[in-house]
Structures are given as C-alpha cells and as structure tokens.
Ligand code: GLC
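Presented below, as structure tokens, is a lone chain in the form predicted alone.
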C-alpha cells in the first residue's frame, strides 16, 4: 500500500508539472503559486533534486526589481481563472499578481542544501541566497513597520489563509460599492460550500483594484490601503525564515549580511509580542488600523514553535489550547478553533486541516521537544491522505476532502514528510 501511495503522489507532481513550474491542481489553480511551489520543491527533492531546485528558480524569475516576489505568476492567460493577468495588470519580467505570500523559501532552500549530495544542485541553491535576501529586505521595508514589528498583509490572499475569520472584522471596512460584475471560475471546480463567499470575493476584488490604481506602489499600499493586518502566520514564518537565511549566509560565505539579518530577527521578535492577546491567551493577528486583536486561536497560532517564539508563560497558554482543541476534533490541526461559532469544518480556512501547515507545526513541535504533539500531527496527516487521497484540505471531524483534488502540495508533503516510513 505504501508504494502505491508513493507512486500516486509522484504521479500528481509529474502531471501538474508544466515544464519547470508546477500548478497546484488543474482547473482550479492553473498558474504557479508562490508558497505552493516551495512546498512542491520539497516533494520533488525526494526523487529529483535538480527539478526541486528548478521549481524555486522559476518562482524567482518573476522577482521585481525592488525584491518583491508575487503570489501568482501568469505564464499564460487561462480563462479558467479569475482574476487573471489582464485584471491584475502587474509584473515586469513576467505577468504576475501584485501581492505576495508567506516567505517559506529560505527554510526550504536550507533544507534542500542540507540534504542534497549533488554538487551542481548545491551550487544552484547557493545562487538563490541573494534573491531570497532581497525578498526579505522587501518585507522589512514595506511590510514590517518599526511600530509593531510584525508582518502586515494588505490583502487576505497574501496570508495564504484567504478567508480565515481572522480577517472578518478588518475586511468589513473595505468598500465594495464600486466593484463591477465578474464571474468566479473557482465554483466550476469546487463546491461553493467549501469556498469563500461572494462577499469575501467582492472584498478581494476591491483590494486588487485599489492596488492596481496605485500602479502597485508598495509604499502607498502599505501606508494607505484599506486592509492592513499584522498576520500571525506570516510573522512566525518570516521569523523562522530569517534564522534559516542566517544559517545559509554562514554556509555560503555571505557573512557580511548576518548583522542585518539578526537585526530583522530582533524586530520580528517584537512583532511576536505585539501579536500576543492576553484576553484570549493566544498569538493571533491584529488590525493595525484599529489595533484590535482577532482573538482567535487558529492553526497559524501554533507556528510559535516553528518560529521558536514566545515566553515560557505564553507557551504554557498555547499548550492549554492544544489540549483543548485536540480533544474536540478527530484530526489535527484545524485551521480555526472548533469551539468558536465561526468554525466550519468544510469551508476553506475556516476549519479544514491543511497538510502544509501541519508540516510546519510538526517541525516546530519536534524542535521544541514536543514529540507526542508532533507525532499526533504527522499520524493524523497520514490518516487523512490514506482515507481521502490528495485533497487540497481535509475536514478535522471526518477527514473528508475539501477544495481541489490531486493537489500538488499535499502530494509533496506525503513524499517529503508524513508518508516517510509509514
């Protein structure tokens, strides 16, 4: 059985490979997505390290001159997807979106470098150091203000957790009155009950139009956009990535950049404190316009361990949430607190389990010596895939697949992590 699942996972990656870049799944997501590609590279690395390296290289082919790396790269115009390149009107080297996604690249590149014995592949990985450094500098310049030290997103899509309840209050202030008619293509490929609502999409479109009207001026968007939320997931991921980039700097002869990177770690650690909510005893996102915390415990909250963040007292509070939530669901880790009224076990980031987030959470738990928790996350991930295939996400109650099928990053995580030795 193990060999059969391994072969199926590899087949998905090879089928979704469009020649140097991989689509998340056919139809629903017909382009190259930023953090999807990075996780996919970890899957390819299990049988083709050179192809893994190429996946990340193609992502950085779309890097803008200011260091920005977009969340979607449009190598062709596919009418199956909205909003496409003609709507975004962004990108220079390649048509792209005008927003970014969680910066997992440095962490993955470090993993690839540490595990490959191929000298040629390692040299190509080392050549990625500077592009990744420029991306991190872009974050610190435009998205990590000194005032809070956390990563501020300007569109829910940037978080990767598109319709999380964390964004509801901040998104309510987005003016959608000028949004014209459009046709959603995602509903032709997935059940509407599993996808963001019409109101969600109106807000997404309004924010794209705002950015487009600025000419994708990242400074103007960061200071004047109608949606500016310090994201707990992005902050933890960038903090981890900064430390991994420091390790890469040491390994690749870029010691002159280390002091700069360490100063970024200091700022981001202040951001972690900014995101701690004493009322809910959790790390959560925070509206920088109003100052209000979301107050929600999400799967992103548990990335504190992945980032090696938080005080002993804060970690103890998070442990209490872990025990409470793990007793409420059959499969960990739900993307939203199952005890909250907004929990929906089938709707995208309002409840379902995402294997890539499980992967990062498990890494953090393992590194912090929380082996029982890490084992639970890995075994639950194995069971969901065994029972329901390579879905985009899974119900934490019954493991039913939600969203797209034959999903690249789910297959990649089976090969790189949860399926190994099972």
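For clarity, every value in this text was computed on a predicted model and none was experimentally measured. Numbering follows the first chain given and starts at 1.
Although it is not shown, the form predicted together with alpha-D-glucopyranose is what the next lines describe.
(message) Against alpha-D-glucopyranose in the predicted complex, would residue 36 count as a contact residue? Criterion: heavy atoms within 4.5 Å.
(response) Flag for residue 36 set to yes.
(message) Whether residue 365 contacts alpha-D-glucopyranose in the predicted complex should be assessed with a 4.5 Å heavy atom distance threshold; does it?
(response) Taking the distances in the predicted complex, the answer for residue 365 is no, it never comes within 4.5 Å of alpha-D-glucopyranose.
(message) When the contact criterion is heavy atoms within 4.5 Å, does residue 380 count as touching alpha-D-glucopyranose in the predicted complex?
(response) Outside the cut-off, so no.
(request) Flag residue 414 as yes or no: does it have a non-hydrogen atom within 4.5 angstroms of any non-hydrogen atom of alpha-D-glucopyranose in the predicted complex? (result) Because no heavy atom of residue 414 falls inside 4.5 Å of alpha-D-glucopyranose in the predicted complex, the answer is no.
(request) Work out which of 348, 135, 74, 331 lies within 4.5 Å of alpha-D-glucopyranose in the predicted complex, going by heavy atoms. (result) Selected option: 348.
(message) Just to confirm, with a 4.5 Å cut-off on non-hydrogen atoms, which of 162, 126, 80, 209 contacts alpha-D-glucopyranose in the predicted complex?
(response) Partner contact (heavy atom, 4.5 Å) among the options: 162.
(request) From the candidate stretches 290-298, 348-356, 277-285, 165-173, select the single one in contact with alpha-D-glucopyranose in the predicted complex, where contact means a heavy atom within 4.5 Å. (result) That would be stretch 348-356.
(request) For the stretch 91-110, return the residues whose heavy atoms include at least one within 4.5 Å of alpha-D-glucopyranose in the predicted complex, in the order they occur. (result) The stretch touches the partner through 101 alone.
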